[in-house]
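For reference, the chain that follows is the form predicted on its own, supplied as structure tokens.
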Amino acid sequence: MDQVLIIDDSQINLTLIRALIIKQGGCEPIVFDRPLNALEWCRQHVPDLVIVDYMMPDMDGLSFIAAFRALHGRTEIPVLMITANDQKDVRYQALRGGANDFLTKPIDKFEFGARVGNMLALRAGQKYLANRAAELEEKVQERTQAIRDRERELIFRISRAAEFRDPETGAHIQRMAYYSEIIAQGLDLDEVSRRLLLEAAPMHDVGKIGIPDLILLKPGRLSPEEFEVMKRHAVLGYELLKDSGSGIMQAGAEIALSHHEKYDGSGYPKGLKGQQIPLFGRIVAVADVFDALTSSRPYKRAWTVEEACKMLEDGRGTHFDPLCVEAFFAGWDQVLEIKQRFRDEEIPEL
């Protein structure tokens, strides 16, 4: 049912207009004899049509229309002003101020019915378009979410493809991704950046797909020549992901290329130093090393949490960004919870 707001300081006019609105059908008249009271009502309600007299105490019709239009979401509501026949200058001002149409006194019921009907039809069209736009927006959001879900699944499977060739586990990429998010939170990164990092971090070692099994799966220490080949996985991962149109994969490319850089410039592949290393790379370096140290592999025992923490502390300012290490330890309770939740023997569902 359409709500029609009527403002007039004359009780006779209020009674007449209210009766005509009821006769119109499908309308609920909301009447006020004081414009300030009507304006207060409008702060909490959105009428479908406003009928306002010009000459009123406290606030005339022009001032009411200006104040009404200034309220959020009220710029398109139809406004019908009641004026006298000789008030053309008022009509001109009202048009400039936001009135849509006029009624002249004395009110003709046939003219009234036609004008009110036209303006309510205008309002119905506005609401239909608004609802249609909302429905389309909802569908777009649903489709976008479906695409993002498929993108996340693809990213997870790409990440797992590298892990299948490596003695690491699916739980590793889950843990290090969440560790990375904890660090990002400690650094006060915004929610969008934290989410992007969480989704992109699992691709940090995707370039290992291109490393020969002879080197990747070697149980002993790599020779200098073999280690040079192993180091290529950072560039291979970057080359694999860099040209994607996906923001997540572009972030993954940056992480793949930079997470083996060291804060003192002794890392690879570019020997970047300090702030030259992208922030996501500095964050993932801490998360990845901690999880690698505390995880058991066929070629090594798992370090204790205490041993791994000491290694991070010792690497402040040399291997790791000191602020990233500090943020990691600031979220220590969350770190332990993630370590407990994603165990190597339990491959989490996507």
Partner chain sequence: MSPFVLDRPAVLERLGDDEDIMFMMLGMCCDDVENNCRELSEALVAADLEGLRRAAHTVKGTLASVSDDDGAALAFALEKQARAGELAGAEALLLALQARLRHVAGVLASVLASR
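Numbering follows the first chain given and starts at 1. In this text, all values refer to a predicted model and were calculated from it rather than measured experimentally.
Beyond what is shown, the protein has a form predicted in complex with the partner chain; the following relates to that form.
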Requested in this report: Would you point out which of 266-274, 220-228, 105-113, 92-100 contains residues with a non-hydrogen atom within 4.5 Å of the partner chain in the predicted bound form?
Outcome: 105-113
Query raised in the report: Quick one: does residue 11 come within 4.5 Å of the partner chain in the predicted bound form, counting heavy atoms only?
Result: yes
Query raised in the report: Given that the partner is absent here, does residue 84 sit within 4.5 Å of the partner chain in the predicted bound form, heavy atoms only?
Result: yes
Query raised in the report: Is there a non-hydrogen atom of residue 19 within 4.5 angstroms of a non-hydrogen atom of the partner chain in the predicted bound form?
Result: yes
Query raised in the report: Taking heavy atoms and a 4.5 Å cut-off, does residue 31 contact the partner chain in the predicted bound form?
Result: no
Requested in this report: Could you work out which of 39, 56, 308, 27 is the residue within 4.5 angstroms of the partner chain in the predicted bound form, going by heavy atoms?
Outcome: 56
